[in-house]
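What follows is a single chain, given as structure tokens, in the form predicted on its own.
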Amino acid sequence: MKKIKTGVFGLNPLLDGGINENSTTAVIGGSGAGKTTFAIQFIRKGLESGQEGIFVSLDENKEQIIREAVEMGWEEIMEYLKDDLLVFIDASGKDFSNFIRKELHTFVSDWKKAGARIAIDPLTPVIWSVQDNYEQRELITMLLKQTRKVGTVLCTLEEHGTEGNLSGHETIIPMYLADCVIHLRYKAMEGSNSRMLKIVKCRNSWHSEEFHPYRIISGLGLVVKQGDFGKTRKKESAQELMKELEKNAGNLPKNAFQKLKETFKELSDAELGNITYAELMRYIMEEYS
């Protein structure tokens, strides 16, 4: 299986190098867990690697997604849109189940074997559009099987009911059908937030079976901590991080280096939590290696 990078810093080594090409991944989490941010990072990485991107939004409109991407430090999204390398399908307010039955075949014929990345955010309204469990499974099977002919698919799912147990009606069928399942557990607490990521499954690949803390950092998006969870973060200087970045300038794409330089100027200790500067730099180099 050929691996492709997820676009999420720190995650690829936990998936033995990334997710499998032409596979389907379900990212599950509650409100505020970072699902849309994850989807944006996935599409962004593909575009940076020369793959086309298709973003299907079933909740938020195109303008809102673009605004979130720009707030995450991805101003060049407008250039990809202008050059038709990134296509938005705004399905918010539409009956997407009818699109799957009636128009999906034409869509796939137009894009077949493009090697594109497809993000569907979120998949939940498709499941809610029909009541019968058999029909739900038939719809999701058709959607994932057909879109996989275009490229690599990532869909997000809203987690409802008891937080963390993944037994909600809206998650069971997609979890079973997807090749890879990633769970974002988020709990808002007074004065702080708890965020943990777990790879529930990844077919035909080794993957970590542990819970990993993650942060959402301005300009970077989701950053997953790989190990040493209990250690207290050593106090460091932001200048040290900038020096490390300068040292690795030759190993980074020019636009990525400039963007990281701008991000590091605004980076705060509070955003990093217990992720050290050395760890962050390692995760960045893993993503661009």
Partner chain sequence: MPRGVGKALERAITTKERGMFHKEEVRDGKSEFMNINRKEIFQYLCLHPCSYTSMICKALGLSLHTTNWHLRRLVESEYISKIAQGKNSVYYPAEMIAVSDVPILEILNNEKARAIYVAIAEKSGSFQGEICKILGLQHQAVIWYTKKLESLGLISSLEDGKYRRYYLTELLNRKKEENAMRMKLFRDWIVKRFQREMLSTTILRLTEDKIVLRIEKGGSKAVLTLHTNPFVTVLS
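Since this is a predicted model, take the numbers as computed values, not measurements. Numbering follows the first chain given and starts at 1.
The following text describes the form predicted in complex with its partner chain, which does not appear among the structures shown.
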Please tell me which of E75, E138, E103, E210 lies within 4.5 Å of its partner chain in the model of the complex, judged by heavy atoms.
E103
Among M196, I199, I89, M175, which has at least one heavy atom within 4.5 Å of its partner chain in the model of the complex?
I89
Can you pick the stretch from 215-223, 202-210, 130-138, 108-116 whose heavy atoms fall within 4.5 Å of its partner chain in the model of the complex?
108-116
Does G250 reach its partner chain in the model of the complex if we count a contact as any heavy atom within 4.5 Å?
no
I'd like to know if D95 sits close to its partner chain in the model of the complex, meaning any non-hydrogen atom pair within 4.5 angstroms.
yes
Would you classify M142 as touching its partner chain in the model of the complex, given a 4.5 Å non-hydrogen atom cut-off?
no
Taking heavy atoms only, is K261 within 4.5 angstroms of its partner chain in the model of the complex?
no
Is every one of K3, F9 and A33 in contact with its partner chain in the model of the complex, taking contact as a heavy atom within 4.5 Å?
no
Could you run down 122-136 and flag each residue that has a heavy atom within 4.5 Å of its partner chain in the model of the complex?
P125
